[in-house]
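In structure tokens, one chain follows: the form predicted on its own.
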């Protein structure tokens, strides 16, 4: 590489949003994903909980997407806290891209957000939660009674009153519907 190469225009054919710089942390249990998410976000890393691509489905149904350049630091943080991942997988192609957890369906007057197996539906004009569905966890009926009939602002965060994967997934859906319904 010569010094002139530093001043040449970059090839515009290169993909702008390459995922080569991303990796996936695979864990055995959902509780480990939740713990890792809290640890890594508290440490200031930009991470995202996603669904695993079919090629690496092992452990639980969630993975943590992270910046691959921070692999050693993140692994050190997780190991020191007693939450090492089962596996670290670089995202090397479209088949290894993680799956977005959210599906949004607009029904006109209502909007529904699905995260994993949990769904939350809100009346758009009033922002009142009209339905909670999905999941088979024992805390879902309790969470539903605490949220249905309340506005998004009045309803407690599902993570504060739930204790299962369903409660965690519903909290993700709740956060996404807050984002979708924000002015």
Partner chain sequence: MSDVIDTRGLSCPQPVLDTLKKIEAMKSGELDVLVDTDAAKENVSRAVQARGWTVRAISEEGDGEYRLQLAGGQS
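The model shown is predicted, which means the values in this text are computed figures rather than measured ones. Positions refer to the first chain, counted from 1.
We do not show the form predicted in complex with the partner chain, though everything after this point is about it.
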Can you pick the one in 26, 144, 47, 50 that has a heavy atom within 4.5 Å of the partner chain in the predicted complex?
144
Can you pick the one in 116, 40, 33, 132 that has a heavy atom within 4.5 Å of the partner chain in the predicted complex?
132
Within 4.5 Å of the partner chain in the predicted complex, do we find a heavy atom from each of 64, 79 and 84?
no
Tell me, yes or no, whether residue 71 is in contact with the partner chain in the predicted complex, where a contact means a heavy atom of each within 4.5 Å.
no
Hey, in the predicted complex, does residue 154 get a heavy atom within 4.5 angstroms of the partner chain?
no
Taking the partner chain as it sits in the predicted complex, is residue 123 in contact with it (heavy atom to heavy atom, 4.5 Å or less)?
yes
Whether residue 138 contacts the partner chain in the predicted complex should be assessed with a 4.5 Å heavy atom distance threshold; does it?
no
Which residues within 145-180 place at least one heavy atom within 4.5 Å of the partner chain in the predicted complex?
145, 148, 149
